[in-house]
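One chain comes next, on its own, written as structure tokens: the form predicted on its own.
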């Protein structure tokens, strides 16, 4: 094999490198407690976590909690998407309204959702609606801000042309505003999906709403460390799945967009 051939050898695919990194992490988690580098009371070997995960998967309570988490995440994200897109199109499409509400949006958007936990508990107790309030609030701003950016990015010439032809407002949104704003909407969807999952688990952990977060808290307080880590692994897998699904949805919805077509060609 010549030096030129070695120089032309393509690098390993990114997914293979990712698997190698994951395998390395699993090996470290398995060996560090057994070698005495970490106390097993705080970080059990990965094999113990896997065994605890298998035990959890054999119980109906685990699957109920998983469904509660997914339901809360999906419901909150759906509400945030509908509200964010609708209000974003209305506010962004009326410049005086956007100017009037800009300061209000910039004031409310940075407020951490966890700061609303006392209010949510006061209103709904430990019910699912408490966590849903946090999920909707956090995800809504991700979507709204992106839609506002998208509406502002519409070509002024195209907007004025639509007005000169006396397009109805709905027709203007469908033919002029929506094609430009859609990439921003999908970015908001991807960001909102991740934020919604984070707040869903956070609410379940702190408030005690039904779901995997509450199961993690129960395992921690009862000293079932391996089961706690097993549930954390499940949450991590859900996060990876959500991210992959959101990106796949984005690529499918924007397959006509030049950036997506360029990535597919590459």
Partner chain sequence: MTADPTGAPARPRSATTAMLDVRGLQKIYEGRGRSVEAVRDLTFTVAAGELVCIVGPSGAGKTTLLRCIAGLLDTTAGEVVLEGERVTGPPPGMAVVFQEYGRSLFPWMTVRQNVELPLKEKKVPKDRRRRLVQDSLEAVGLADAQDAHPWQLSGGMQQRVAIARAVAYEPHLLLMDEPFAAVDAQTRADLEDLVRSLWQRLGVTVLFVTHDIDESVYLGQRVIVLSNSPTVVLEDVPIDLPAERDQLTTRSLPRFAELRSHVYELIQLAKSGHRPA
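Residue numbers count along the first chain shown, from 1. None of these values were measured; they are calculated from a predicted model.
Another form exists, predicted in complex with its partner chain; not displayed. Remarks below refer to it.
For residue 176, a non-hydrogen atom is located within 4.5 Å of its partner chain in the predicted bound form, even though that partner is not displayed. Interface membership of residue 155, defined by any non-hydrogen atom within 4.5 Å of its partner chain in the predicted bound form, is confirmed. Its partner chain in the predicted bound form is approached by residue 167, whose closest heavy atom lies within 4.5 angstroms of it. Among residues of the shown chain, residue 160 is one whose heavy atoms approach its partner chain to within 4.5 Å in the predicted bound form. Only one of the listed residues (126, 180, 187, 75) places a non-hydrogen atom within 4.5 angstroms of its partner chain in the predicted bound form, and that residue is 180.
Picking from 190-198, 94-102, 134-142, 167-175 the stretch near its partner chain in the predicted bound form, with a 4.5 Å limit on heavy atoms, gives 167-175.
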